[in-house]
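Next comes just one chain, in structure tokens: the form predicted alone.
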């Protein structure tokens, strides 16, 4: 009787997970295997003929200067993640206090994260407009005669993209940190204050270590999300000027849907997957030293 009940429960479990597993199979595993096969072909989207080219696409990628430039730009783009996490933590600590209109402020900080990426891109394009934009207008007003070109120059474009991405991610990080701060024991903080701990010491020695699992979560998910993102860059600069904002995910998109070179696009996408895997593994190993559960 007991074995029959267990088999019935097991079959019921398969019924519940079946739709999800079918979705994973159809929309993840099969396309991933198909894209891996494309790595070894010269498949063009508009050409029905597909030939096996072996490791030619991989060799081409390893000698592609634009691939290495995209890799460099991706690293620069990733700088926005720890910056947004740090700012999100600071804002969360402030908004966790008893301050006026804190609920409204929380909503305002979180709003960019739920706003359309294209809308965000166009708003920042107006803000960063070199001649008539309000940011450069403000800089001229305080005495800076030659403000940056922001998105219009190769030297500042990636920095401008980082600013947009920090602004976009900060509200989400703040909300997650606020949830973590709710779990910090008030009695623990009060005991530390009685022992003479100053606000800065409370922040560094107690609050920050206690929310370190949240920091690790935001770091891993933020890195993965940032590496995969290309919509905001596509809407603002399309990888320019002069490929100065072309990151790996955008380079995959360009090869696949601008040049229709699916084989080479698949090769770069798998390189991107390996990079994500390595970064996540490094973070997972390193978290043992600074994350306190």
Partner chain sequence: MRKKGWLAGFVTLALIAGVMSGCSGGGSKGEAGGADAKAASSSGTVKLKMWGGVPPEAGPQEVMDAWNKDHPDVQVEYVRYVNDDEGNLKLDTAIMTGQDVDLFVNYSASQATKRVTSGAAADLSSFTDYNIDEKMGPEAEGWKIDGKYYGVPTTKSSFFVALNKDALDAANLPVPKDWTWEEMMEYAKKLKKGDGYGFIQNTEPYVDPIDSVLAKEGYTKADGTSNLDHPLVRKWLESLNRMMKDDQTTPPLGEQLTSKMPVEQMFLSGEVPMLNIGAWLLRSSNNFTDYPRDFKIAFAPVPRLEEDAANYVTRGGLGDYISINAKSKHQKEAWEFLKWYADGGMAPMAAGGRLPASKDSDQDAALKSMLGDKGDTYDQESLMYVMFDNKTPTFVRTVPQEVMDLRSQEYEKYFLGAQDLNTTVSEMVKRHNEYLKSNPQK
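In this text, all values refer to a predicted model and were calculated from it rather than measured experimentally. Residue numbers count along the first chain shown, from 1.
Another form, the form predicted in complex with the partner chain, is not on view; read the next lines as being about it.
- When the partner chain is considered in the predicted bound form, residue 70 lies well away from it, no heavy atom lying within 4.5 Å.
- In the predicted bound form, residue 122 approaches the partner chain with a heavy atom inside 4.5 Å.
- Looking at residue 156, you'd find every heavy atom of it more than 4.5 angstroms from the partner chain in the predicted bound form.
- In the predicted bound form, at least one heavy atom of residue 260 sits within 4.5 Å of the partner chain.
- Taking a 4.5 Å heavy atom cutoff to the partner chain in the predicted bound form, the contacting residues in 98 to 137 are 122, 125, 129, 130, 131.
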